[in-house]
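One chain comes next, on its own, written out as structure tokens in the form predicted on its own.
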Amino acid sequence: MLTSVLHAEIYEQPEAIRRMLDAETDRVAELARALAARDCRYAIIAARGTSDNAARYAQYLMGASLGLPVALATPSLHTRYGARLRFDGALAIGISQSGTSPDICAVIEDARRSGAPTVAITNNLDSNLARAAEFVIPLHAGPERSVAATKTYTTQLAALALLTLSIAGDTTGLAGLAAVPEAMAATLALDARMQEIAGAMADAVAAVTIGRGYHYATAWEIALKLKELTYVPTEPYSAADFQHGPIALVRDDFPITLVATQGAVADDLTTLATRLHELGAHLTAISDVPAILDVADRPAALPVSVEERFAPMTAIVAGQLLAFHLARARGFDPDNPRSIRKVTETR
């Protein structure tokens, strides 16, 4: 295989998460104690692009583990409309690989001025976002040279999990999180399988990704990677939302990637997988659920099952590999996607 920066960084992810957990577990425990003294009744997260998908993961994780409603911020209200938002009872979190986007910083600056506790999750400690926030969780991902984010996304997920479980005092969950890098390393064994699946998808003119629960974020992130790297228009959906109209898109050989792992929504996703198969979809399943793998045209069996709330960190590895190989299969350079840059500063 020709060398690729993106491919190499996909493989760096298990070690990147180990490094972040080793460096930050004790510090985040202290941060959790500080936040416990504040009256946080909900969280609001400012992010863009891939980091926005990490925020979608936090909506499920913080909601299920802490009972905290999580809202996604609307940065343009701060930078374009001059709105003065109220942050009473909020925990404000800014997530950004570079920490340089002015609109994300504006949300955190306004929240901090209002007296809300603010947390920056970033790979750049010497950034405006890190300076704007009261607390910082560094990602320790190392330089990410590929334009498409991989290791900064999964370390963002791990940082959010570390913060949430520390606030909850969930020692069992923290032990499970510590085992995730090993499961991610095992998932890299799907590399050749995702190359085969990509070859079968090379002529796609449109596609859909589907997840539910914790994997709603995974569906969004895979769709983003397919759009960034392969230029296939790809729409992400919740499995529930997809059945409220968009299922009409399905026709013979229509490519759908379903992400479904063991947990609370596995039965619903099994029913949907069967229905998509009956409708003639060309179904790729990234899954550890036997009934779903059995009906998929292109099963990608996850080699290790992890707790549902950690599965987005393993399943996305298969999705990243799919996007990488599909770009190659379609004759594109995944290290040089057109029209986008590593750092985008929106205002």
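Position 1 is the first residue in the sequence shown; the rest follow in order. Owing to the predicted nature of the structure, the values given are computational and were not obtained by experimental measurement.
As for the form predicted in complex with another copy of the chain, it is not shown, yet the points below apply to it.
Requested in this report: Find out whether any non-hydrogen atom of residue 228 is located within 4.5 angstroms of another copy of the chain in the predicted complex, and reply yes or no.
Outcome: Contact with another copy of the chain, yes.
Query raised in the report: If you check in the predicted complex, is residue 153 within 4.5 Å of another copy of the chain, heavy atoms only?
Result: Answer no; every heavy atom of residue 153 is more than 4.5 Å from another copy of the chain in the predicted complex.
Query raised in the report: Could you tell me if residue 276 has a non-hydrogen atom within 4.5 Å of another copy of the chain in the predicted complex?
Result: Output for residue 276 is no: heavy atoms all beyond 4.5 Å of another copy of the chain.
**Report entry** Contact of residue 299 with another copy of the chain in the predicted complex (heavy atom, 4.5 Å)
**Finding:** It does not: once another copy of the chain is placed as it appears in the predicted complex, residue 299 has no heavy atom within 4.5 Å of it.
Query raised in the report: Which among 169-177, 190-198, 133-141, 230-238 is in contact with another copy of the chain in the predicted complex, heavy atoms within 4.5 angstroms?
Result: The contacting stretch here is 230-238.
Report task. Would you mind picking the one in 157, 224, 116, 256 that has a heavy atom within 4.5 Å of another copy of the chain in the predicted complex? Result -> Result of the distance check: 224.
Query raised in the report: Just one of 29, 304, 68, 295 has a heavy atom within 4.5 angstroms of another copy of the chain in the predicted complex, so which one?
Result: So the residue touching another copy of the chain in the predicted complex, by this definition, is 68.
**Report entry** Neighbours of another copy of the chain in the predicted complex among 56-82 [non-hydrogen atom within 4.5 angstroms]
**Finding:** The stretch touches the partner through 59, 60, 63, 64, 67, 68, 69, 70, 71, 72, 74, 76, 77, 79, 80, 81.
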